[in-house]
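So this one's two forms of a single chain, laid out as structure tokens and tagged structure 1 and structure 2.
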Structure 1
Amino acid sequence: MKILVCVKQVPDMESRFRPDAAGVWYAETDLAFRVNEYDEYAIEQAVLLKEQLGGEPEITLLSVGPDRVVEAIKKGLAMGADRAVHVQDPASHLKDPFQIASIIAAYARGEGFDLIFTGMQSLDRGSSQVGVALAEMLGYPCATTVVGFEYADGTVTVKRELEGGVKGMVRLTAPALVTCQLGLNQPRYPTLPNIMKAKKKEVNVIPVEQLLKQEARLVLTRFRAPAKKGGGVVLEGDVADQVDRLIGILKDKTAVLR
């Protein structure tokens, strides 16, 4: 069995974001980067499946991005993946989801992957489109927002998280693709021995020009911080007085009591 896990490196969401010089994405100065949270669930599920099947599956990680994404790749290898592909692209942030999916599909078509795991979405762009677009390009059945996963005899059974907390059960026949949601598993911390082993694992570097043949369908035209809003008002004193003042504010400043 061959498994592909798609991994993206994203900024830590606690970072302070500022527009870059072009005003179309965030400036990377002083940002800390990490593996996209949802992709960690994808890596962990692939490794759990490998352990379930006695170590037989080969897990390949694939990440598109500049040189810094090697750190994300190393973490995935230390978690238990066998090898990795780095599609080198210093301008990956300007690629739309369709282009990213087409890059991955161009590599995956000749590899015969039985299962593909992706995160439900990335924390920076949040489109939730790459996984489903990739499945369509490869002709794979796809299940999204997966919070439960079972595999037996070429059949994947997943539990999907739907609106309002409802869960749905879906059965797919491999080859298949699933996008992983919070709650699917608890990603492991790489141990020191596995971190050392990861340094010796194969990382195949491919220039993006070899794989990208599609023009962008979407173009990001502007990235900006939210407009600053006025400060709030803290009401103090007797409760009755606070109520009277609140009613006055609602009448004067809003249409709630008009």
Structure 2
Amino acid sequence: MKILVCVKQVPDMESRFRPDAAGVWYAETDLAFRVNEYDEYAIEQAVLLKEQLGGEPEITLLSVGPDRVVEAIKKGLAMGADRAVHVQDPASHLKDPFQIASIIAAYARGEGFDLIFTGMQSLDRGSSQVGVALAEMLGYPCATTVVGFEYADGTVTVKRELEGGVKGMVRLTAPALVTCQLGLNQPRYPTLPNIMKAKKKEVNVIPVEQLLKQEARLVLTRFRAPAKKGGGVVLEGDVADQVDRLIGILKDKTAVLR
């Protein structure tokens, strides 16, 4: 069995974002990057399945992006993936979700993966398109926003999360793709021995030009902070002073403190 896990590297969301020189995306200076949270659930689910099946499946991790994404790849390998593909693309942020999906599809088409795991969305772009578009391009059935996953004999049974805590139960036949949501599992921390082992695993580097055959359908024209709604009071500075000011405001503006 062959499993593919798609991984994106994204900035820490507690960062301060500033527009890049073109004003269309964030400048990367001063940002710390990590594995997209949703993709960590994807990696973990693949590794759990490998464990369930006695170590038989081979897990390939794929990331499209500039050189820095090697860090994300290393983490995935240390969590238990077997090998990795780095589609090298210094301008991946300018590709639209459809192009990214087509790049991955161009790689995956010849490989015959039985299962593909992706995150339901990325934290930076948040299009929730890449996983589904990839499945459509490969002709795989697909389920999104998965919070429960079971596999037996080529059949995948998943729980999709719907609004209001309701779940939808769906059964798919492999080959299939699922997009992973918060709460699917608890991603493991790589252990030191596994980090060491990961260093020896194969990382196949492919320049993006070899895989990209599609023109962009979306053009980014602007990146900026949301217009401030205003009105809200911001309390900064000394904690004791903040406490007093907050209590004053609550007494003034609400009926909850007497």
Partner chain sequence: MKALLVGECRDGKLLEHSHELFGFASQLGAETAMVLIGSEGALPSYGGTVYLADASKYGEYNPDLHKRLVQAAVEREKPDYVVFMHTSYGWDLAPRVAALLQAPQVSEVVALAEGGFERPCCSQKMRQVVQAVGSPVVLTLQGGAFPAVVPGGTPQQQPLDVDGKGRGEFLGYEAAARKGVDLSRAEIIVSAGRGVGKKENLPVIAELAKVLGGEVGASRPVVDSGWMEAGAQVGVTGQTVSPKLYIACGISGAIQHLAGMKKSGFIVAINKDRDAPIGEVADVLVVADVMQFVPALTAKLAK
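Here the rigid core means the biggest group of C-alpha atoms that line up within 1.5 Å when the two forms are laid on top of each other. Quantities reported herein were computed from a predicted structural model and do not represent experimental measurements. Counting starts at 1 and follows the sequence of structure 1.
Trainee: Assuming the other structure does not fit, state which one is the form predicted together with the partner chain.
Mentor: It is the second structure (the form predicted together with the partner chain) rather than the first.
Trainee: After a core superposition, would you say residue 12 shifts its C-alpha by at least 2 Å between structure 1 and structure 2?
Mentor: It does not reach a 2 Å shift.
Trainee: After core superposition, I'd like to know whether residue 21 moves between structure 1 and structure 2 (criterion: C-alpha shift of 2 angstroms or more).
Mentor: Shift of 2 Å or more: no.
Trainee: Once the core is aligned, what is the C-alpha displacement of residue 242 between structure 1 and structure 2? Give it in Å to one decimal.
Mentor: That residue's C-alpha sits 19.3 Å away in the other form.
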